[in-house]
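Encoded as structure tokens, the following chain is the form predicted alone, with no partner shown.
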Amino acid sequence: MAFVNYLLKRFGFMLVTLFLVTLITFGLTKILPGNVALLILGPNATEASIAQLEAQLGLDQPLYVQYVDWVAGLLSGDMGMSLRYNVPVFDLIALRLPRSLLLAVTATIISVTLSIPLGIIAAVRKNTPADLTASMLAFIGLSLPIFLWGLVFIYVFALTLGGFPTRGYVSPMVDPIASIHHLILPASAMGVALTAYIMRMTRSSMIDELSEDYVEFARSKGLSERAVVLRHALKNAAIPVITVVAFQFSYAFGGVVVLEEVFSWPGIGRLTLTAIENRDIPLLQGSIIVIALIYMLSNFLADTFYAYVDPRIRYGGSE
């Protein structure tokens, strides 16, 4: 029961956050320069035709009425028409979203594969050259933004060593091999950028767990150090690490906005930049809402798993 109450509270918090996101998104896009009706009709439009189109689009209504109509459209799957592409925003996002998810998920898998072993080694060999080397690599990873990692990977693995394309996307349904070939460079660049955060959390959590009494008890029973570390300490240390992984996935999904532009990856991030450049308000609103929703859902799933594996969280959340 405590677990259900905890989930209901977290879900309610997510709904409130989503409401605030819609409010802020709507408000910010309304203060952007440019008239939507004028953008649609062109610079030679008359005042009468602009006024007529504004009435058709509901732009002559009070802001609160426009906001309610917009939210009602979102709830029904109607995000409006893109001013640049002249197609439904929902269709554009439905096409681009899987590509961004593919990039973010692959990058997260790469970062987890690299960071958790590094974090374990750094914790087990605390204050040794291995620990110092891993910490230095983490510091470098934290210092460089994602887009700079993208440029580094392009220069080293595409321009210098060759063998990898620097731009574009191929659907896995069309050519799986070519798709992986185009995916490796941007996903690896993002994965390396995310590795530092997860590695530091893994190291910190493992050091805390290795100092607990139950670890010393396991050692006193004659268990090998490998079994103590991987079977006992890592199991408990993984709880905060999982939360960081979820946050890093959210960060990765947000980071695609810039990285997709670097690699010309046609995902929702690049679509958002296109909407900004062309003042495509409906497309910009829809893209922001979807990115925010993915971010919140990943955090909600992390909270759910965290509460499931650690009863202290749910009981604390139900008080």
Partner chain sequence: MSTNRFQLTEERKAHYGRFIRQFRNNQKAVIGLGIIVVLFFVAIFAQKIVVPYIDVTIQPFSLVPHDPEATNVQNREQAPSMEYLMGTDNLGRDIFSRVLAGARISVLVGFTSISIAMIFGTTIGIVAGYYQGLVDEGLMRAMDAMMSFPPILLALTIVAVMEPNLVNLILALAFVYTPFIARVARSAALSVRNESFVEAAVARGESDTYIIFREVLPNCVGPLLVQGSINIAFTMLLEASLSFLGLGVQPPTSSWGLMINQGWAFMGDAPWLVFFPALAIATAVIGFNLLGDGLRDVLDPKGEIIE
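Worth saying up front: this structure is predicted, and the values here are computed from it rather than measured. Positions refer to the first chain, counted from 1.
Absent from the display: the form predicted in complex with the partner chain. The rest refers to it.
Only one segment in the set 117 to 125, 154 to 162, 87 to 95, 170 to 178 has any non-hydrogen atom within 4.5 angstroms of the partner chain in the model of the complex, and it is 154 to 162. The partner chain is not shown here, and in the model of the complex it never comes within 4.5 Å of any heavy atom of E54. The partner chain is not shown here, and in the model of the complex it never comes within 4.5 Å of any heavy atom of P266. Although the partner is absent from this view, V65 stays clear of the partner chain in the model of the complex, with no non-hydrogen atom inside 4.5 angstroms.
Taking the partner from elsewhere, Y295 is found to have a heavy atom lying within 4.5 Å of the partner chain in the model of the complex. Every member of the trio F13, V16 and L148 reaches the partner chain in the model of the complex with some non-hydrogen atom inside 4.5 Å.
Annotation for 251 to 273: interface residues with the partner chain in the model of the complex are G254, V257, V258, E261, V262, T272, L273 [heavy atom within 4.5 Å].
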